[in-house]
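We've got the same protein chain twice here, in two forms, each standing alone as structure tokens: structure 1 and structure 2.
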Structure 1
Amino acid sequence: MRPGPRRKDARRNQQALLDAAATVFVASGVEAPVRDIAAEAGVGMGTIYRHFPTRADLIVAVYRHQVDACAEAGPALLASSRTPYAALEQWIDQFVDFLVTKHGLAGVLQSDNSGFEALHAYFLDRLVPVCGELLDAAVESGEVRRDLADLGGLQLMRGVGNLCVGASNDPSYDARRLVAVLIAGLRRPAG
């Protein structure tokens, strides 16, 4: 019976590592020192290397972890937020965090184009339906303009992604502010 608790502990450690790595990547980029991730997770560096032998392994795992977290957050936010529009706003904010972390991924995976393509397909398969569901719910509730009902999750995600691109090259560029303007522009005018 001892293998069960160790496996559970290992899974918990891995989740803590992924959460810590995502936090550090958002703050410092994917080239952040492994010791910073270990400190954030409260584990030794050996624990990180046991789970993720290379930086690329860690980055890909964080990417998948964040895609899954974003995908799971959509329905949870829709169920718990005061309105569908509020759920959409909160989900987009989480999506922006994900995009900031994702930025360095292409450089890390340059030598493995098929791996990058598989991750991109995973991203689209998991997140486009969630974004579409949130947008549809906000349209149905009357909070988002009806003429945007056909916008769809993919187009909205592309718009948000395009606004986030400039953040990596210019520290004064405020992607969150521009994304907030985009999302506010979805709202149906009062009256």
Structure 2
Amino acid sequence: MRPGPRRKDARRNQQALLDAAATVFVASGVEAPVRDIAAEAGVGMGTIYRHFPTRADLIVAVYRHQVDACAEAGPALLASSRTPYAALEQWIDQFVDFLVTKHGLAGVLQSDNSGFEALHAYFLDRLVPVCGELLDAAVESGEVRRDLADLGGLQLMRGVGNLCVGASNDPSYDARRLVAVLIAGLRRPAG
């Protein structure tokens, strides 16, 4: 599936674009100029527009594999972990790993800039349900405070995502640690 374009050169270019975009996104953020990405890929600008009509399409394509992997990890963790809360912790860890290595991605995810709707849509469609299920399960198991049952996967993810904004730039900011605190804050106080 997803065989991509038929022609060999087109496939090669598409891959070159994905690689180039990933590189440039890391260096300059996901809002880097189209020209830069084209140059990095060694293709003309038109080629980007052919393969990825909007910037969001490109971003989605660049991160699709990782988003999919993250989405699929949710049920697996729920099945294999000791408790639902442990599964949630691990899943969030994975999500954070993903975000902090993507310069500026967290920022764009929060952006209300129209034109990123496809991006939002993809991330949310794939991940919010997974996150929501893990959260619900952890509420059911009594590990997470009942009053947070209505927080929802979306808000939790946005919170986690926000905590990761800017994390790639500044080594003094430890997004993982803060996320861990946030997740700890979900817990029902013992005793």
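Each form is matched to the other, and the largest set of C-alpha atoms that superpose within 1.5 Å is called the rigid core. Residues are numbered by position in structure 1's sequence, first residue being 1. Note that this is a predicted model, so its numbers are computed, not measured.
Where the criterion is the form predicted together with the DNA, structure 2 meets it and its counterpart does not.
Treated as two rigid bodies, the chain between the two structures differs by a rotation of the smaller body against the larger of 65 degrees. Superposed on the rigid core, the forms differ at residue 53: its CA is offset by 16.0 Å between the two structures.
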